[in-house]
Every structure is written in structure tokens, then in C-alpha cells.
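A single chain, nothing else alongside it, follows as C-alpha cells in the form predicted alone.
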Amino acid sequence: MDSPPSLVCRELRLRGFRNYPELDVAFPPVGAAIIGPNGSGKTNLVEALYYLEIFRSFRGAADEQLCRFGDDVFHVRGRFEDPLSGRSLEVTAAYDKRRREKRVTVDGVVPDRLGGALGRVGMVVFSPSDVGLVSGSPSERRRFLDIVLSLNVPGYLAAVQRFRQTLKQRNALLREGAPAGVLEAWTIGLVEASAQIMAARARWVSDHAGLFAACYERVGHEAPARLEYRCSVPAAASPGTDVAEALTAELERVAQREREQGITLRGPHRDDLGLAREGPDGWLDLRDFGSGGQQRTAAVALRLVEAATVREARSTSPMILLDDIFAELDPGRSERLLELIEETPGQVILTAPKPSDLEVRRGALTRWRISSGKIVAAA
């Protein structure tokens, strides 16, 4: 079977980004392994690449924090191409912290909306911090869902934006004790946007629960695990449900409590992504009853599902960014993850603190050594 098309990064240019005063690097189509100690700039390089996918830091840093110390502006430019078709793409992003202004271009054109430039390359980043998707609060998992679906489901990002604006206004009206008629107008808008979000989440979980379980078992050699949609409106968790009707009924049921508490009690902002493993007496939540290894395995499985989502939605293979991921996995899990990566077409950019016996792309990755923000020599 022929490999699906895939954009690869051929050139990356950084100016004033994190610890890089400037950097120009050309990546081979198969990818590269970047070796260096902690603090040398490995993760910053991955962060810069993924910035061109979502135009924000995957580490949660504010844009002004991405400017190099002493600089007021950073600039990132990536040139991408499909080796099979020759199709090319150039994405740039710059931020001026004095003006608090971000500027993005795609092939030299400033998009009408930033959302129109999101996800143009197709990348998935694996990071040690991913364990927070499992061990952290529901907001971490909602953020994961929103990013994956915003990049791969048409209309989802617009629905999230409408929902957030409407939720803010509705909460303000609840705190002010606004008349029922005034509140109702905002409730209608909230239900419309919420229904689109919740239905998309339910479909995604239903479509990918089996793959999550398979990836978890293959990487971890663990007892079965499952992925489920823990919806604030339980009836809406099943695909095919009239979500708007179910949410409207729930909002009516809790209307008095909402007025007393001054906050919207049902909707996408109260959802969670359930991750559980099978125990001797039933299913156990991995957040509370998972070992460190089990939580990391679940986080890796989520990223593998994300990569599959990109392939399904765009008919392309994503770039795979592996940031020090093997330092957090035991040898068995590392080997089994590598086997899965080998089966996944696409460019791989890997970072590690020292040369490793683990071979990605059957040892074909060019090895570079990084020190103090500079790629100084082949490793």
C-alpha cells in the first residue's frame, strides 16, 4: 500500500525565540534526532515547530514568555513540502510583546482569522508533560479534546468560540439576577453552540475508544483500558442523541440552583474525558488508581489516537514530534512505542538528553547535537 501524502518540515528559522537568538536548520525528509542535555534548547525547538500548528505554546506559556530574554519580538518560519507531490507550504508567526500583537502568514498571506491558519501542517507532539492529561484536572482533558477537534472537525472551533462568549455573558446575567426573559435569549445561543461541541465530542470518543484500548494494551502490556465521554448531560454522551433537547431539559432542571450560585451548571465546560483501567472488582479511574507507568501509557495512547485522527480527517500522515518521551518510559514501553511509530508514516523529530540504543526509522534519522541553543555538530 502506498504511503499517504505527508508534509515534512524542510527548513525552520527562529529569531528571538526562547533561548535562540537565531537559528536556521534544514531537516531531512525522514526527520532528525536532536541530542543534548536539559536546558540546551531541545524542547524549545519542538515548541517552535508546534507553534506553527496551533500558534500557541503546547507548554501553556504566554506569547510574551516565548520572547528571548532581552528581546521584545520573536519570529518563527517553517517551510514544509510533500515529498511525493512536491506541494509546498510556508507558515510564519511573529509576536511583538510591546504591542501585544501576533502576526501569522500562510504562503505570505495574512489569514482573515487566526482560526483559518490552524492545523495547516498536521503535527502531533508527544511530551513528558502529557501525563498531566491523565493525572491532571478535567480542564486538561477538555483542552486536549478542543485542540484535537478544532484542528480536525470543520466548524468545531467556531462553535467553541461562540460557546465561550455566550457562557461568559450568561454567567454575568445569572450573577446579576437578570429577568428570565433576558436570560432565555442567551440560553438559546448557549444550547446551540453546546450541542455542536458535545455531539462532536461524543462521536470522537465513540469512534476512537477501540483504538485507544488497543494502543494502551500494545504499549503497556496492561489489563484493558477504556476511553469514555463523561458528559455533564449524561443523555448526550451517546452519538445520535438530540443533544440540544437533552441540554435544554437539564438547564431547566437546575435553573434554580444556577440562580442561587450565579453560574451555568451544565454544558461543555463541565465535561470530562474518562480514562479507566480494568481492576479486579471493576473499572478504576486512571487518574486516582493508575501507577505512573499506567498513566504515561494512557497519555501515549491518547497521542496515538490524535495521530490517527489527523490521518482520518486529512488523509495525510502527521509529523511526529517526540520530546524526551523515552526518558519517562521504561524500556519495554519504549520499545513497543517505537514499534508503533515505525508503523506510522511521516517525518519524525526526536529529542533526547543522550544518544540512545532506541532506533527510530530503523536508524535513518540524522543525529545532531545541540548545546546552548546551537546545533553544533552531528552526534
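Owing to the predicted nature of the structure, the values given are computational and were not obtained by experimental measurement. Counting begins at 1, following the sequence as shown.
There is another form of this protein, the form predicted together with a small molecule, and it is not shown here; the text below is about that form.
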Assert contact_stretch over 66-74, 50-58, 310-318, 22-30 against the small molecule in the model of the complex, heavy atom within 4.5 Å, equals 66-74
State yes or no: in the model of the complex, is some non-hydrogen atom of residue 37 no more than 4.5 angstroms from a non-hydrogen atom of the small molecule? yes
Answer yes if any heavy atom of residue 42 is within 4.5 Å of a heavy atom of the small molecule in the model of the complex; otherwise answer no. yes
Should residue 324 be counted as a contact of the small molecule in the model of the complex, where contact means heavy atoms within 4.5 Å? yes
